[in-house]
Each structure stands twice: as structure tokens, then as C-alpha cells.
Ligand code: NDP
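Take a look at this single chain, the form predicted on its own, given in C-alpha cells.
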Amino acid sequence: MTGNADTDSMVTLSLAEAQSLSQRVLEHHGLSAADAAAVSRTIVAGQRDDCQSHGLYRLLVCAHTLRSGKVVTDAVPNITSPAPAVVRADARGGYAQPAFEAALPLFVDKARTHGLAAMALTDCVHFSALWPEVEAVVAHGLVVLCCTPSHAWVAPAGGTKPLFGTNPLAFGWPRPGDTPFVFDFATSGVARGEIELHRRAGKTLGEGWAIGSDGQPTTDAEAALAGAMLTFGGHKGSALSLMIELIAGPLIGDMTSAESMAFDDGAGASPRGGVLFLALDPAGFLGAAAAEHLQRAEQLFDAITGMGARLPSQRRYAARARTAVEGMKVPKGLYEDVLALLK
């Protein structure tokens, strides 16, 4: 593997180099080769799209989780169909990615057969963004919604103690070409990884991101990590976060964020719980008219970009095209921390 430090203290890696590095680190910490490959694909996708908080930085998180014993390193997913339009992918305590990849073909088939389908990805360790899974479903021409709880890091609106997770919500819509409309955002003001990166860099947090252990607003990352994050949009983000707790927790028989935190028992590992996917097939609703109505959606997208507004994911897609040619930029300090995981 090669890496070249530039004048900005960055290291440039190719996609292949990043995948190899990630695979080596994960296997070094006990993850099976097949699972390491699946997890690495998600990590590299984050770095490829210049999502620093969801890229190679996550190897530090994964290594700690593996050392803690909070993830099953050789889990074999169990894929079942408890109802005609429902898939249950039991990860059996392993990482989410191998179970998702194993269940995806059945999930797609059910959505096409019935017009819509749900998939409950359960008993899994999920540490990353949702958009890689969303893009994988949308690639089959399906519309998809996805959400998951995490650890109890976030206070509900009006509260002072962490109860909810960052609880991301993601959506995908197929478009002509290879760049679907996708959004993926935490219902907290920012992702947990952003606060961790601010702490590492000694940077001040934005206003409204967090409160300290005393319940008062703070812009100090250390104080925020000891206190609680806040939802975006006050009571609106709080209600969405609670919805996600319910439909990706009790509805699918898995943990809430508070239960995940209790299971962690101070280990500081990645959250363990469930992920809910809902897929809708345009052809199931519209038949032969699907193409016509999907084109109407293109008119809406064009109207948005035509007035100078940006669609979600456009920054990621631009970074993806750039890194395919120039390679991926990784902060030198982070790169060295990742290499240290191999010792």
C-alpha cells in the first residue's frame, strides 16, 4: 500500500489501497475475511465520498468494538420471511453489512412481487451511514426508506438527559444514470462522529448541537460527549427520533437506543440493535406508466437545481467522481492512527 503526504498534511490513497488497509485492520482484530470485506466496502464508500466522519475514521471505532467483544466476529446471518412482503435478516450479533448483503436479493424480489416490502435487519452492530445500503436498494429501481436507533446520546426536546440515539433517517429515489436522489441525516443536530472529529481537532462545536452534563448549552466537544446531543429542529426532530425508536426498535423486536446503551455497559462499542427498510416499486403502483411518472419527478429535480439550489448527495457524488481520478485524501494523523491498529 502506498500513501503520499501532501503539503496540507494529508495522505492520498486509491480505492484499492483503502479497501486493502481496512480489510487488514479488521481481520487483524479478529473479524472473518468475508465480513471484513463487507464492512470495508461501507467504510471505503464513506471515504470515497469525502464523508470523513464515516470513512477510515470508523476503523478506530470498529477496532475498539471488536476488542470489546460486543460484536460476533464470525456470525452467520439467518434470513427468513415471516410474512409474504416481509424479510427478516437476523445478523446474530454480527455487523450489519454481511446480513444486509445476504438478504438484499430476497428483499428486492419481494418488493417487485408485491409492489412494496419491508426488511427488518435485527441483532446487528451498525456503525455507519445508511446511504450505502440505500443506494444498493435504489440501484434495483426501487424507492426506499431506512432508519435505525443507535446509543442513547441525544436528549429529547425539553429534556436534559440522553435517551434517543442519533437515529438517522434515509431515503432514496431512482433516477436515470448512476446518481439517485438520496438523503441521509441524523435526527440529532449533527452525527456523533462529527463531535468526535471536533474533539480530535480541538475545534468548537456549533451552537445548538449539545448540552453539558449540567443541562446547559455547550460548544465544548468534551462537555458535549459527557452530556447530551440535541435533536435538530427542536420538537420536530425529537418526534422523528422517537418514531425511529419505535419502528426500528419494538416494532421489529429489537433494542431502543437506551437498551443498546445498557447492553454496551460502558464498553464504548458501536450500537447494537435493528435497522428497518421499506421498499416501494414504482411499477407495482403504476405498471407501464411508471416511466412516465418518474420523468415527472425529473422535472421537479430540474426545477430545484435550475434555481441554483443543491440536491442532497450532490456534494458526495462530486467527491466520488473526483476521488476516482485523484484518490482519497485522509488526514495524516488519522492515517497514522489507523496504521497503528495493525501493531
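In case it trips you up, residue 1 is the first one in the sequence shown, and so on. Source: prediction; values computed, not measured.
What comes next is about the form predicted together with the named molecule, which does not appear here.
S.K.: Taking the shortest heavy atom distance, is Ala186 within 4.5 Å of the named molecule in the predicted complex?
M.R.: Ala186: yes, in contact with the named molecule in the predicted complex.
S.K.: Would you classify Ser260 as touching the named molecule in the predicted complex, given a 4.5 Å non-hydrogen atom cut-off?
M.R.: Ser260 lies outside the contact set for the named molecule.
S.K.: Would Pro312 count as touching the named molecule in the predicted complex under a 4.5 Å heavy atom rule?
M.R.: Close contact exists here: in the predicted complex, Pro312 approaches the named molecule to within 4.5 Å, heavy atoms only.
S.K.: Indicate whether Gly249 is a 4.5 Å heavy atom neighbour of the named molecule in the predicted complex.
M.R.: Result no; Gly249 lies far from the named molecule in the predicted complex.
S.K.: Sort through 155-163, 128-136, 77-85, 235-243 and report the only stretch with a non-hydrogen atom within 4.5 Å of the named molecule in the predicted complex.
M.R.: It is the stretch 128-136.
S.K.: Go through Val72, Leu225, Leu205, Ala191 and name the one with a heavy atom inside 4.5 Å of the named molecule in the predicted complex.
M.R.: The residue in contact is Ala191.
S.K.: Of Gly273, Pro98, Pro168, Pro180, which one comes within 4.5 Å of the named molecule in the predicted complex, counting heavy atoms only?
M.R.: The residue from Gly273, Pro98, Pro168, Pro180 that makes the contact is Pro168.
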